[in-house]
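Only one chain comes next, encoded as structure tokens, the form predicted on its own.
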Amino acid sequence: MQQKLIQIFNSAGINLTTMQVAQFENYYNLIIDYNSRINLTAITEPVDVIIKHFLDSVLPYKELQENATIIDVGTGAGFPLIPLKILRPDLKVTLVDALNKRVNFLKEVVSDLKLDNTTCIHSRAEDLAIKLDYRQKFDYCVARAVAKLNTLSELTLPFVKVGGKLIAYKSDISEELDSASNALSILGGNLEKILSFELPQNMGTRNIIVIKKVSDTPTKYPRGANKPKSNPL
């Protein structure tokens, strides 16, 4: 496992420290152990996890300023923010998920990997984003495989301070960008750039959408009662 980690990350131009290799291996073992009890991921083969989860998660690591505050909405098994935290220990991170079983898993990961400045929160994004301690408090929000971009923007941009950025991980982006333009305009976001990466071993293309927060999100967003999904902006 360790040699595969080193080789795959090296092929992407990323050199892992001995500690980081050990943390990724420990993280993988925890995922496999918990996956027999709660549904974390359908991807379990070591090479697939390394490429499709670990490497995929860290692709935009150069975009993040040093010592930045960053929140992961709908983090699930911890992707992308746990791998980003392993690679960038300077980050101050908050992991949010609506399922308490997954949050308990994340707390064990944080403890076992000895990740400092890492908080795990059991909450729906709609509920947390209206709290003053979290609203427009973060330099970055990341989200991977959570929802279509118009819905995702409503669930995430309220967390981002003006001048900060939403970083959304997507496979196909053409239709989503067009349909999200109205939501971004309402919520204070502006498309800054799109980063495209080819994953090793022909495992697909990853597009990273970077949206800059240019103005305050109106206080009525995000809407509750699942409206961001059922009636997207």
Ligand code: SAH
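Small disclaimer: the values here were computed from a predicted structure and weren't measured. Numbers for residues come from their place in the sequence shown, where the first is 1.
Below, we refer to the form predicted in complex with this ligand, which is not included among the displayed structures.
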Looking at 132 to 140, 74 to 82, 87 to 95, 111 to 119, which lies within 4.5 angstroms of this ligand in the model of the complex, counting heavy atoms?
-> 74 to 82
Can Leu99 be called a contact residue for this ligand in the model of the complex at 4.5 Å between heavy atoms?
-> yes
Is Arg124 one of the residues lying within 4.5 Å of this ligand in the model of the complex, judged by heavy atom distances?
-> yes
Partner contact for Lys161 in the model of the complex: this ligand, 4.5 angstroms, heavy atom | no
Find out whether any non-hydrogen atom of Leu157 is located within 4.5 angstroms of this ligand in the model of the complex, and reply yes or no.
-> no
Contact check, 143 to 172 vs this ligand in the model of the complex, heavy atom within 4.5 Å, ordered by sequence, gives Arg144, Ala145, Val146, Leu155
